[in-house]
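Given next, in structure tokens, is a single chain: the form predicted alone.
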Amino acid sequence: MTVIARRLAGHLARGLVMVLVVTTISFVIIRNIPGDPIAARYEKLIEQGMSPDQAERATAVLYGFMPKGTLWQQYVDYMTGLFTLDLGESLMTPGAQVTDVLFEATKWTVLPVLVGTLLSFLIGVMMGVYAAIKRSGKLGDVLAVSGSLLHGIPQYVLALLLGALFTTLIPILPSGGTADIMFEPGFNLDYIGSLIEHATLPVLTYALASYGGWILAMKSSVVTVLGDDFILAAELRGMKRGIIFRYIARNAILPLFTILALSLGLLFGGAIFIERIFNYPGLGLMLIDSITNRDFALMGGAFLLITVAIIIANIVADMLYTVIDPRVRSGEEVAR
């Protein structure tokens, strides 16, 4: 078995254990949150004069199901359904499966997060290289200050500022939703244009919120690489500045690929504030609504999805670093 295959097998095994542990903890915490809407409805019907059997049937009709058994029996049923991707039914959308609700919400989170993060990564990396090389000049100072300022502003503050600017002071962008209701959903220019218009503010917020971190991380990495022996050797050999620049950028960017993979996984949870402010119906907004409505099944499914996203991001980050950095592979082969 190759080094990469062994590492992947180990990561998958540890990831599965982590999913089971987090799922168990989430199940216990969620089930002990006060204010069970099903139990409240059941008790209210009994107070109104119904018998326990009648109240149970009426509650099951209203919500589509009625949880039975002890906490341990519910846990066993939940874990059994987990392996078959049956996470139960949503209380907010009676009759709808949790997996369907999660898929519908996640598709509105993935695109803005992916576009915003990749855009900020590309721009931040390029500006970080220039900020390091020109660190003794005005350009380097301007780039470093811009990165520090944006890195210090919380996501929700940035979202509020952009929303106030582009929806109130300069009302050129919509304030919420995914598309204008006057356009028929489908593969047509009007609808696609409306999708892009509504996604602009969330994408811009993701990009600006991440840009500061990328430029500062890349600048620090480039400054470190500039002091390596191979850069001095390249200069002494009389190599062209363009070739040396590529050497610097290629080696300095390696640690940032790991951070990029991790940030994509973490942003699934961090999307809560941005989606709430812009009323964008993604995973974050759905999680807030599920907590507000005590939708336990949907809450558990959302936490599970975020956990899996972070674990997969960790695995991808480690495997990516193993593939793109030959020093890691050679080190492991020597250790064998």
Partner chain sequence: MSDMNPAVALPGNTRATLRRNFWRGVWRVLKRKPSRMAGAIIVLAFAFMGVFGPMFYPDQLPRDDNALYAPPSWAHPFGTDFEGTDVLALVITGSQYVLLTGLVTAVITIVLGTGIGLFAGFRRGRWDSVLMRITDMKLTIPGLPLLLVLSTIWKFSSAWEMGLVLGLLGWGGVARAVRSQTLSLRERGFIEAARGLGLSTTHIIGRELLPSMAPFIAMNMLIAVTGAVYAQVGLFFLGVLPFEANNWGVMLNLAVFGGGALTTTAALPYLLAPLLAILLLTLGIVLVVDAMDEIFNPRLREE
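Numbering follows the first chain given and starts at 1. Nothing here was measured: the structure is a model prediction, and the numbers come from that model.
The protein also exists as the form predicted in complex with the partner chain; that form is not presented, and the subsequent description refers to it.
Residue 153 is the only one of 153, 232, 172, 114 with a heavy atom lying within 4.5 Å of the partner chain in the model of the complex. By the criterion of a heavy atom within 4.5 Å, residue 42 is excluded from the residues contacting the partner chain in the model of the complex. In the model of the complex, the partner chain sits beyond 4.5 Å of every heavy atom of residue 50. Shown alone here, residue 55 lies farther than 4.5 Å from the partner chain in the model of the complex, counting heavy atoms only. Residue contact with the partner chain in the model of the complex: residue 161 places a heavy atom within 4.5 Å of it. Taking the partner from elsewhere, no residue among 119, 203 and 211 has a non-hydrogen atom within 4.5 angstroms of the partner chain in the model of the complex.
Contacts between 292 to 315 and the partner chain, taken as any heavy atom within 4.5 Å in the model of the complex, involve 292, 296, 299, 303, 306, 307, 310, 311, 314.
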